[in-house]
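Presented as structure tokens, the chain that follows is alone, the form predicted on its own.
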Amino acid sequence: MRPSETRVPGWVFMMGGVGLVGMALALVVTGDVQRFFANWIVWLVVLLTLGLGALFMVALEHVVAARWSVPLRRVPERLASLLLLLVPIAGIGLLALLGSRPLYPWAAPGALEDKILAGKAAWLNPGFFTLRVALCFLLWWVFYAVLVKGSLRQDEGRDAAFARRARRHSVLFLLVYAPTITLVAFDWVMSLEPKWRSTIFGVYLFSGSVWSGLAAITLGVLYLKKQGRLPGVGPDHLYNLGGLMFAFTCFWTYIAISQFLLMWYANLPEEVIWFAHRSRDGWGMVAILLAVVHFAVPFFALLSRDAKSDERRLSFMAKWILGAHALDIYFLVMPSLERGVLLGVMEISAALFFIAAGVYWAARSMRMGADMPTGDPNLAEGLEFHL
């Protein structure tokens, strides 16, 4: 199958339409603007971290001069284009969010009357917040254009020097990626409860970003293999993807436990309040569920050597991981409303709409360029890779 023959499934449009109508009706009936924007933040962060995780893997391949992943590289390059999809979503939503100020306490009228919020006003204010968001997106787009568009041009011009340029630019991207993903964690998520702080929170979101990106890459590779569009990609390539998903399962768990134990041991009121919100009103059960679906299941499912290269298991676990990542972001955002566990028409409709948007864009991106970076001189070596 040629890339241009890729079709978006009809059910994607139906699911997206149902989700959009459901969100609109729920907003009109309930008038709950705060809950609407909380769901918007959840799914914006889910899609954003997935796209950034894919771009991170592209850059990492260039930095370490990996050969085994060259035949697979077009998949993360295509998935990184999710950053382009998020331009209208983030722009329109951000203006509406800061305009109505229903969600972030530091943006609400009278916020400066609180001494703690007043002390953070130099950082947490609508103008500077918007500037940081715009700067982050600008930097991500620049590196997307350099790394992904440059790779596509290499297919046409067979420019062997691109590999050297891409390596230098990838080093710069990794240096930019660390602070920008931290800004997303601090600004978009942690400032929902601005009196709480955690210096490890950026690393926490980074681990989930790469984990979800790897899962989406795995699904994309398996899809193209099933269509016969990745000839030469075998079990050893899949084993490395499975191994990376397993590794980041462990890494996320380590960071999550480290954050919890440090705050539990110190037992400072301004730190434990965040965990208090997530241990009552039903959220304690969600925390237990998150530990099971985000760690226990993928850990044991991917533990054996054979599991890491089994196509059916990898496909199932990649979908599972994407669902677990969405649950994780939901757990980070929704308890800040202090209403208990929310799972109604608004949440279901938002999930349907944004999942449909993500699937549509991912399917559409599979038409971009050749299925392998044919202009890369290391492609042949990558196809010959064996463990």
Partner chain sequence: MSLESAVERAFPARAPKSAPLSPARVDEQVLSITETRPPLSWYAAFAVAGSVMTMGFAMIGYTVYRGIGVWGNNVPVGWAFDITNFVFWVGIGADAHFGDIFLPAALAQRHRPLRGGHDAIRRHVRRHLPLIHTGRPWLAAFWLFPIPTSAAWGQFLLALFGTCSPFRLLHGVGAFLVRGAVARLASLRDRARAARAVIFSILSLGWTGSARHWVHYEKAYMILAGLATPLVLSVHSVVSFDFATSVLPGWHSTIFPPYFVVGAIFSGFAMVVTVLVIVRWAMKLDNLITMNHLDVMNKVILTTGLIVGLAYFTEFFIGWYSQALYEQEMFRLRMFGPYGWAFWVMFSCNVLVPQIFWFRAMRRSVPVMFAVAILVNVGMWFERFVIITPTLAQDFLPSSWGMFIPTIFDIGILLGSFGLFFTLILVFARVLPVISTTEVKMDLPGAQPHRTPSHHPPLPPLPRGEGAAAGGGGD
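Since we're looking at a predicted model, the values are computed, not measured. Positions refer to the first chain, counted from 1.
Only in words, not in the display: the form predicted together with the partner chain, which the text now covers.
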Exercise. Would L124 show up as a contact with the partner chain in the predicted complex if we use heavy atoms at 4.5 Å?
Worked result: yes
Problem set entry | Contact test in the predicted complex: R312 vs the partner chain, heavy atoms, 4.5 Å | no
Exercise. Heavy atoms within 4.5 Å of the partner chain in the predicted complex: does S81 have any?
Worked result: no
Exercise. Would L261 count as a contact of the partner chain in the predicted complex, using a 4.5 angstroms cut-off between non-hydrogen atoms?
Worked result: yes
Exercise. Using a 4.5 Å cut on heavy atoms, which of R280, R164, K149, K226 is close to the partner chain in the predicted complex?
Worked result: R164
Exercise. Quick one: of F186, F248, F143, W274, which gets a non-hydrogen atom within 4.5 angstroms of the partner chain in the predicted complex?
Worked result: F186
Exercise. Among 218 to 226, 282 to 290, 72 to 80, 150 to 158, which stretch sits within 4.5 Å of the partner chain in the predicted complex, heavy atoms only?
Worked result: 150 to 158
For this session: Can you tell me which bits of 265 to 294 touch the partner chain in the predicted complex, meaning any heavy atom within 4.5 Å?
Result: Y265, A266, L268, E271
